[in-house]
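Given as structure tokens, the chain that follows is alone and in the form predicted alone.
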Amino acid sequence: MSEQPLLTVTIDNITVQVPAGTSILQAARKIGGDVAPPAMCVYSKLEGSGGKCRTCLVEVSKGSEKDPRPMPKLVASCRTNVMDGMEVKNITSPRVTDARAGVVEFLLINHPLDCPICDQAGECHLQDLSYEHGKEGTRYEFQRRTFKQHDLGPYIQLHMTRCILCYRCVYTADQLTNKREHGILDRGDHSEIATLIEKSLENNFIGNVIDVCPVGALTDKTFRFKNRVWFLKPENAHRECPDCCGKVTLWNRGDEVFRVTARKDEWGEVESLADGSTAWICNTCRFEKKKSSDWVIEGPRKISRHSVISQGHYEGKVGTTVPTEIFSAVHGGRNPKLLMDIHSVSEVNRPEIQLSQIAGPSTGNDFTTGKD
């Protein structure tokens, strides 16, 4: 059997060879860096995804060696396959830059400015997209759309006002679970993610919709309002699980496990295992195993995205080596000062309360002593 021929494509003046059937987006990700267009809806692990958000638009300045004519319009790189000799412009095209800014403006038309209270803040792809490709202001002057609150069960919180209708969660539930109970209701600007008759999403793998959501529309109720991701230390861990691969990322603060997620690659997608399957995790691992003793800790997790999480540089520096210098040696010769016990001084935090262990979102009773 002969090997599959490789096609040559040039993206932003960088040439790469890829197999036939490869999309422009996949070819750009092979190059990496800023050459790869942003993508909010496509997910390589989900069949049928892509073509919804239009953030990955690129300019094809040369169709192929056989037909060198440029494509008249910008094309969605996630749904356009490469051809031999094709030349593509992404960050080098003013047309793409202007069009992408317009797409971002449309995505933000109805999106609320609640990043300060959103659990997705710090790892939100829409935040990164708006910062890198958006504009400083908005021209939208009309009332933003609102939706009726839907209860999806004890584990998943839906904020439909944040949703950008990427369809990732619908494809995930359709392809990972036996019976999909939620989807897109209504049409046009009334479209929303919901269940038809207020059903709970209770399938053992339904928690993966949280990992695939690029914004804060679907969040973990067990982690809700308990901490910020940039204050947590991500660690690789695993356990023997009869339902899934058991390979996860733990988000710790001290010895407390605040949340559990699947392991993600540099594009924000759930990683692939050695056998080629996707490392989806079950609800038991995600929501119920919240103690360090439940897991075998492998070491700090490298966050490859340019998120604020990666600014801590956890890998190789925290929890892996024991410091040998004395305090005065690294503190300019000064001796350590007596640390203040905030529990006895301010009486704001209750020492017996562990925020990661409470059943739901933290309330005022968890922070005060109850004294008048």
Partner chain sequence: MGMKLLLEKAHVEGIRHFEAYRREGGYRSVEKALKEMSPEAIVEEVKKSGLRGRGGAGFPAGMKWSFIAKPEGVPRHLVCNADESEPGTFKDRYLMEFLPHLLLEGLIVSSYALGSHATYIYIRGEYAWIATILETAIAEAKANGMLGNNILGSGFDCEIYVHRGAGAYICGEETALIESLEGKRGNPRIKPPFPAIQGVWMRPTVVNNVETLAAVVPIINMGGEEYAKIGVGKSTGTKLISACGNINKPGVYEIDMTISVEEFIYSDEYCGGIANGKRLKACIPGGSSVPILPANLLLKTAKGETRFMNYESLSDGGFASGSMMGSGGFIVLDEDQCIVKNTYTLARFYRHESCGQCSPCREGTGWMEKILWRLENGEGKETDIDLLWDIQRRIEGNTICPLGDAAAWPVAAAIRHFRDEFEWHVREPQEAKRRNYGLAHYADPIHVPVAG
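No experiment lies behind these values; they were computed from the predicted model shown. Positions refer to the first chain, counted from 1.
The form predicted together with the partner chain is left out here; the points below concern that form.
(request) Name the single residue among W267, Y155, W230, F106 that comes within 4.5 Å of the partner chain in the predicted bound form, judging by heavy atoms. (result) Result of the distance check: F106.
(message) Please tell me which of A237, C244, A99, A262 lies within 4.5 Å of the partner chain in the predicted bound form, judged by heavy atoms.
(response) Going through each option in turn, the one that passes is A99.
(message) Even though the partner isn't displayed, in the predicted bound form is G188 close enough to the partner chain, meaning a heavy atom within 4.5 Å?
(response) So G188 counts as contacting the partner chain.
(message) Does any part of E141 reach within 4.5 Å of the partner chain in the predicted bound form? Heavy atoms only, please.
(response) Looking in the predicted bound form, residue contacts with the partner chain include E141, since a heavy atom lies within 4.5 Å.
(request) Look up in the predicted bound form whether R54 has a non-hydrogen atom within 4.5 angstroms of the partner chain, and give yes or no. (result) R54: yes, in contact with the partner chain in the predicted bound form.
(message) in the predicted bound form, does P38 come within 4.5 Å of the partner chain, counting heavy atoms only?
(response) So P38 does not count as contacting the partner chain.
(message) Each of H125, N204 and P214 having a non-hydrogen atom within 4.5 Å of the partner chain in the predicted bound form: is that the case here?
(response) Result no, not one residue of the spot touches the partner chain.
(request) Given that the partner is absent here, state which listed stretch (279 to 287, 247 to 255, 179 to 187, 293 to 301) has heavy atoms within 4.5 Å of the partner chain in the predicted bound form. (result) Stretch 179 to 187 is the one.
(request) Can you tell me which bits of 146 to 175 touch the partner chain in the predicted bound form, meaning any heavy atom within 4.5 Å? (result) I164, L165, Y167, in sequence order.
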